[in-house]
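Given as structure tokens, the chain that follows is alone and in the form predicted on its own.
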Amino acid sequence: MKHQPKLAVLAAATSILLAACSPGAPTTSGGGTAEGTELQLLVPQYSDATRGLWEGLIADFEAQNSDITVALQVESWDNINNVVRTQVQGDQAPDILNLDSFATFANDGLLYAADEVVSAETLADFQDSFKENASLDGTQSGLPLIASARALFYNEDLLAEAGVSGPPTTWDEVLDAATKVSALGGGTYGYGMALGSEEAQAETSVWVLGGGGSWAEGGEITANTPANVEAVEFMQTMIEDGATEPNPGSQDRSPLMNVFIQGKIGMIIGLPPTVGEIEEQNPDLNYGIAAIPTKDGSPFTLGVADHLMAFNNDDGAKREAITKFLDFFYARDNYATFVTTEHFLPVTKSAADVFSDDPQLSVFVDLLPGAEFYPFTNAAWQDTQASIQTLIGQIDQGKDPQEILDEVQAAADAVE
């Protein structure tokens, strides 16, 4: 369900000024300030609440730290990787970045180590498993921001109308169920397969990892293994058998999820924020949440762990200001407001109880023990992910999965 951010009041006070800012533009000008330090903060948009959350938190922080200002830039997930790449190549990297992968920047020596930009108390508050996932060669460079897991959202009414007794647990079952729902007609589709550029790597990973494949082994990217090819071949079978929406290669996750929320898709992979979106947009939707169907029915979920990271752009001149801001963000009440409003799962011990009264979202917590993650600490993953996002949608045009994954592998192998 949607929760109103505690910090939104401060954001509302400046709404007239902020309305003049474009969605991707910083809310204050770049460069240094006359009397203090200006931090550049670049973040993706998780939801309609994202900008207001950051603006309110920044207003609170600046009220307590008059010598520090924070210039906020919010970008869509479709665009943020290109924006970051352009800024880094132009020697204009943000001081603080919210993104999924940090390994490439860490390997290039661009980031502070975590213990250089947060206090010992903040560092100790992170859950151990997420600290490990944010470390590379024994050094923690990423600061865990949010945790999440994928699950199967299913329309109970559509499945019942199609004669399907419950959510599928295996690939064969999901193909059968989705085909039956699609056969209902009327613009209804069995399974929403989002292979557009927004998050094609997530949809693909659901099938690859759920089929016993993997993206990396022994420190090497393994995109074109037989298990991975088999998974993508099954995805193509889903498309060719009419189990999905038309042209999934051009369908991004966010708009496709809206189609599910309006009751026109039988099954789709969703995240914790999907619960709030349904409550807001179509609270009468009769739906359920279950584990992701896998090749053999074994429990599995795709774990998500996005990060904050701090760039050392100035030989340490901004380190103290960065530390103050990050410690402020991770203070329990501030962080709890952020994570609950965005409907993610907390990565800190002090905020571990924020979903104790939210039984719908607690379903995702139960799935986390079986989570598998993207190989973020592999320096080639960022290029691998970009290749998946660009190429995988071609399966809906009949392109051979082996050929596609060979191209993905080549992109990974090209990274030194």
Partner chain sequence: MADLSSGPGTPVAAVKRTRRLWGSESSVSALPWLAPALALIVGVVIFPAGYMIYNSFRAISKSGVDRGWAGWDNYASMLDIGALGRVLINTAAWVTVVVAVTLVISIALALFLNQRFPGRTAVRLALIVPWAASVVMTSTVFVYGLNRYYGIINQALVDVGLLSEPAGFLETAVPAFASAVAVAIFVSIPFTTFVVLAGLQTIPAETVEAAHIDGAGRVSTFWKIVLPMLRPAIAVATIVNIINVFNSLPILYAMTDPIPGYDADTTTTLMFKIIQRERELDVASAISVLNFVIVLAVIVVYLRVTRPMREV
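What you see is a predicted model; the values in this text were computed from it and never measured. Numbering follows the first chain given and starts at 1. In this text, the rigid core denotes the largest set of C-alpha atoms whose superposition between the two forms falls within 1.5 Å.
Another form, the form predicted together with its partner chain, is not on view; read the next lines as being about it.
Problem - Partner-proximal stretch of 249-257, 284-292, 224-232, 165-173 relative to its partner chain in the predicted bound form, 4.5 angstroms, heavy atom - result: In the other structure, the partner sits against 249-257.
Practice task
Verify the flagged residues Glu156, Phe325 and Gln360 against its partner chain in the predicted bound form: is each one within 4.5 Å by a non-hydrogen atom?
Solution key: Zero of three within 4.5 Å in the predicted bound form.
Practice task
With its partner chain left out of view, choose which of Trp215, Phe338, Tyr189, Tyr330 has a non-hydrogen atom within 4.5 angstroms of it in the predicted bound form.
Solution key: Contact residue from the list: Tyr189.
Practice task
Scan Asp383, Asp366, Glu372, Glu38 and let me know which has any heavy atom within 4.5 Å of its partner chain in the predicted bound form.
Solution key: It is Asp383 that has a heavy atom within 4.5 Å of the partner.
Practice task
Examine Arg319 and determine whether its closest non-hydrogen atom to its partner chain in the predicted bound form is within 4.5 angstroms.
Solution key: No - in the predicted bound form, heavy atoms of Arg319 and its partner chain never come within 4.5 Å of each other.
Problem - Exercise: Ser350 in contact with its partner chain in the predicted bound form, heavy atom 4.5 Å - result: No, no contact at 4.5 Å.
Problem - Glu116: touches its partner chain in the predicted bound form, heavy atom cutoff 4.5 angstroms - result: Contact check for Glu116: no, nothing within 4.5 Å of its partner chain in the predicted bound form.
Exercise for the section: May I ask you to check whether Thr390 falls inside a 4.5 Å heavy atom distance of its partner chain in the predicted bound form? Expected result: Yes, Thr390 sits close enough to its partner chain in the predicted bound form that at least one of its heavy atoms falls within 4.5 Å.
Exercise for the section: Taking the rigid core as the superposition reference, indicate whether the CA of Asp78 shifts 2 angstroms or more between this form and the one not shown. Expected result: Superposed on the core, Asp78 moves its C-alpha 2 Å or more between this form and the one not shown.
Handout entry: C-alpha of Leu111 moved at least 2 Å between this form and the one not shown on rigid core
Key = Yes, the C-alpha position differs by at least 2 Å between this form and the one not shown.
Exercise for the section: Inspect the rigid-core superposition and answer whether the C-alpha of Thr179 shifts by 2 angstroms or more between this form and the one not shown. Expected result: No, Thr179 moves less than 2 Å.
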